[in-house]
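In structure tokens, one chain follows: the form predicted alone.
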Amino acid sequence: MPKITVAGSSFDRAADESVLDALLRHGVAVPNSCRKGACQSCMMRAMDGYVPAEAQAGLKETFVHEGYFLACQCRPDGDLTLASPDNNAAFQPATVVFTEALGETVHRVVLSPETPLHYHAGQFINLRRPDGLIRSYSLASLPGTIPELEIHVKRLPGGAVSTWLCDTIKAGDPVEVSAPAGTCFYLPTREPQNMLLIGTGTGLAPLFSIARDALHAGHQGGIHLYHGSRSRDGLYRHHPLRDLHAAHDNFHYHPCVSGRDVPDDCIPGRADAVALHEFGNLAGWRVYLCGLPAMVHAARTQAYLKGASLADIHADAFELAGRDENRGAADEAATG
């Protein structure tokens, strides 16, 4: 049976068991969140032994070179010797600049990292609070304009990090943030390619960044953003998006409400269903999908069936961490 050695102690690992699951089973505390290889909060470093390539997918080249890997995705054939799982290499200090409520359950949190971060619109960071608990949040800020980072947090009942970010933290409080990660981001193109952006709940955060970044870069194609919620209050960036719609001929904002009492300025129905019904042919389009997995996976399939290339479909599923939030929190599930 293969062995994992960390801090001088060795533990057995079943052949089909990930390094993360094996260490947790033996009582070794390893930071983790999504367990899907997306958030990168379980990153560890191998000091000896072979790490399979799939366990390093999505990591920076420098991290790969230094032996870092994602414990939740690592199922090596042989033994591994690991450095202590403190994950400090991936984090730097940051300070809370301010917070504000954007609705009944969503807060905007602005952070100032000690060293400015380079990121693409649509990427996410991991945020670590002083007790070591980690969650992932997509960036809603516009790259290259200001050094501060903006995240949108939905308060969940019993959510350890979301309630802390929404109700407790204040300007000047310290946190830690990771380097930006994620492949669901915008890159400028000279082609006038149409873009379809669909998000529910706080899945709007990366799309808000992507849309503004595309406009800032002079994107010539049409940009259609569909934001869905069960109620009008869940459309927490309704007015800024309407202003963006009025200011740019090629940007189109489509607010969708799937619950009862749909306001006159909103479209009844789920955002993904409304968007994919309105466009019969998505060949040549870029598609961005952000929200809970049920919506993201269903919309990705439908976009592909409507002609979008798999290479042009960028999806960011917000996996949940137990009862808490991940990548900006649970939104209104598949009904948003």
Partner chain sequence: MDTSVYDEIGGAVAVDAAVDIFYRKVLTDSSISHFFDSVDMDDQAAKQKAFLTMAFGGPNEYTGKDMRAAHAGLVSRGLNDSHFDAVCGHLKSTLEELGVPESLLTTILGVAESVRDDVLNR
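Owing to the predicted nature of the structure, the values given are computational and were not obtained by experimental measurement. Residue numbers count along the first chain shown, from 1. Rigid core here is just the name for the largest C-alpha set that superposes within 1.5 Å across the two forms.
Separately, the form predicted together with its partner chain exists; it is not shown, and the next lines address it.
> If you check H277, H65, H26, H297 against its partner chain in the predicted bound form, which one has a heavy atom within 4.5 Å?
Replying inline: In short, H297.
>> Looking at heavy atoms inside 4.5 Å, which stretch does its partner chain contact in the predicted bound form, given the options 26 to 34, 298 to 306, 264 to 272, 40 to 48?
In response: This holds for exactly one stretch, 298 to 306.
>> Please state whether D249 has a C-alpha shift of 2 Å or more between the shown form and the other one, with the rigid core used for the fit.
In response: Comparing forms between the shown form and the other one, the D249 CA shifts below 2 Å.
> Comparing between the shown form and the other one on the rigid core, is the C-alpha shift at R129 2 Å or larger?
Replying inline: False for R129: its C-alpha shift is below 2 Å.
> Is R75 one of the residues whose C-alpha moves 2 Å or more between the shown form and the other one after the core fit?
Replying inline: Yes; R75 is a residue whose C-alpha shifts (by 2 Å or more) between the shown form and the other one when the cores are overlaid.
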